[in-house]
Structure formats: structure tokens, C-alpha cells
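Take a look at this single chain, the form predicted alone, given in C-alpha cells.
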């Protein structure tokens, strides 16, 4: 029998009704042995996530103000869940310990982690599974990076002989012995770490969407679901702003060759999206492309110099200037006499004049132009390299919509094509590319 690790997001565990749905999913498959829960999320659009309530509460404690009212609201949220589940469980001692931790200034990480900790205890009691405090099995180095060897050893030793367990997500133990959290959305990472440690056959990530979508539903109405996507494609799309899975959650399972299945807690009958190390010919998307994603707020620095291509070290000198100012570069398309560096506008903002001065001194360009308000759109798909005319179709779609392309960059693997447009054209660019590759096929 295989082993599945299942992670449930905050929306999937927002109240007793949602937790009952998650429990039914877990119990419907005996291979779903290890559960990684998030803190309760929003029950409705105006609601507040428990994690945000905890941050606010700790902020009051940190300022020496009374946090009793906010703390009672958090207690009430969990009491409502326990009552709705009909279980005999008291968290009074836990809340007393947490309140003392707030008064003693245990830190924001400790405060935020209590959402997952308490929800994990409730879910373990409801399922009848052992509860394992993540601070006892997830460890960080002094620099805040995961201590992989210590974590894997601790997880394997603790889970050995346990048919089932609940391990709350989002946090672990720092090198100083205090609770340390991953970045927001870090429960995805915990689930991935657990899956890698136990050599799971599958890591299921249950959320409120039926898989990874071809495009952002806030831009494209009812976008198609991606049925199968490779880790490499997901990495490209996640980097360009597509957000279903925490980016760091990819690596622990990718190295172990474990697939991830994105599923919808509210529609468990739907297959969702399979994220796999590699794909077969049969799994290539019928749309040629796999997904479209993008980000705004970039600045381009266009550097022109005659015979630039024959000047040894020209590109290196440009990159040195950026590196010396701790500026990372997104892309660098070039031609014989010109090159463009694309930079996150926020990074550049306070150092713009200094960097331009240093570039003028270092490479002596004939002309240098700076343009703000640039957006990048990435078209990603493993089917692109075996299909002729993909770039031509992208340009045709943009030209038909009268969108001017500021730059184009294609990876050597032919897995993605990135185009730069003005921020004003960003949403329309994504819609017209989607129409060209998806709606024209359906």
C-alpha cells in the first residue's frame, strides 16, 4: 500500500463544516495517512484569518496594550469549531500557555504558528490520529534555512510505526530553540517535507480551487484547468506570479520524484492537477501551451553602443554594476549593438541615479534609455518546442489587439516565451494569448 501525505489549506479548514469535508476525504482512502493542516482561513469574504488575528493580538502584547478582547475572539473561533465537530476536547491549558507566551514576548513566529498548532490538535482529536508538534520534527539552521538532514531523520524516527499522524504546517524549531515559521503559505512546504521524508507515493494539496489554471481567473473568465504539469513548468509559472502552491514546496518532493496533486476540498470528485517530474507524450496539453502568467512593475534599462558585441566583458561589466548594488536582474535580451536589462522597479527605485552613473562610467554607452511601467507575460508549455509557429501566434494575437511588444525573450529549452508590454496592456495581452491558444481550440 502506498503512502499519501495530505495538506489542507486554510479555506478547507475554516470552520467545522469544512473540517468535516476534509475528514471525509482523508477517511475515504486508507493511503492518506499523514495530515498537514493550516490554520483556519476565512469563512466568508469579510472574515479574518486566524493567523492575522494572532498577528494583531501579538502586536498589542508587544506594545504593552491589553490583548484580552482579541484573544477571546480567537478562543471563540476554536470553541465554535470544537462544538461544531462534537468532540470532547479542551484547549484551555494551551490558550493559557499561549497567553503567557504573548506576555513574555516569545516572538511573532511563535504567535502566528499557534493557528496551525491549535487546528492540528482539533483535527487530530476528530480523526483519532496522533498529534505531532511540528517544533519537534521540523528544524531550521541559524540562517533560517531548513535543516534537511535533521528534519528528515526526526520525521522518519517519529513516524516509524505510526499508521497515521497530524503534523501542523507552517512552523518548526529554530536553531535557538524558539519556534520559527516559513513564509506565508508555508504549510505547503511542511507537507512537501513530510512527503519527502516518508517517501510518499503522492503529495495531495487540498485547497479551494480545482487545480492549477491556465490563466489567472481574475483576468480570464473561467480559465481551463491544467490536468498535468511538470515541475519545471510550474517553477516558471510560479516565478511569474501564478499562485496555487508555495514556490518552496516544489523542491523536497521534486528531488524525491514524488508527484503533487492539487485538489478541491469542495469538489473532491474532480481530478485536479497532477504535478509530475516528467511527462509522457500522451500528457502534453491539447492547447500546445500549459499556462500563462505575468507580473507588473518592471523597469528596462536599454544600453546602446556601436560594436558592443566585439567588446570583451561588456555584459559582465553591466551585471557587475547591478551586483555591486545588490540588484537582481530578471532578463537580459540583447542584439549586436544593444542590450536591455529588466529589473524589478522597487529594487531600482532608490538606486536609479547611482546605477545609471556607474553604468555610464563602466561601459561608456552611446545612449542609455530607461522605461518604467513594464509588465512581463510568460507563455509556458512543454508542447511548445515540438510545435511550429508558437511565437508567431503569440505576436499575431498581440498585433490583432494592437498591443506593442517591448521585448521578447525565449529560453533555450523552448519551454517558455516571455514578452514585455506596457502595464496598461497587461491584462488584455493575457486575454488575447489565452483566446489564441485555448478558446480557438475548444
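Positions refer to the first chain, counted from 1. These numbers come from a predicted model, not from an experiment.
This next part talks about the form predicted together with aspartic acid (ASP), which is not shown.
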Review point. Do residue 205 and aspartic acid (ASP) share at least one heavy atom pair within 4.5 Å in the model of the complex?
Key: no
Check your understanding: Quick one: does residue 186 come within 4.5 Å of aspartic acid (ASP) in the model of the complex, counting heavy atoms only?
Key -> yes
Exercise for review: Verify the contact flag for residue 379: yes if a non-hydrogen atom of it lies within 4.5 Å of a non-hydrogen atom of aspartic acid (ASP) in the model of the complex, no if not.
Suggested key: no
Review point. Is residue 49 one of the residues lying within 4.5 Å of aspartic acid (ASP) in the model of the complex, judged by heavy atom distances?
Key: yes
**Study point:** Partner-facing stretch of 371-379, 35-43, 386-394, 63-71, counted where any non-hydrogen atom is within 4.5 angstroms of aspartic acid (ASP) in the model of the complex
**Key:** 35-43
Review point. Are there residues in 142-179 with a heavy atom within 4.5 Å of aspartic acid (ASP) in the model of the complex, and which are they, in order?
Key: 170
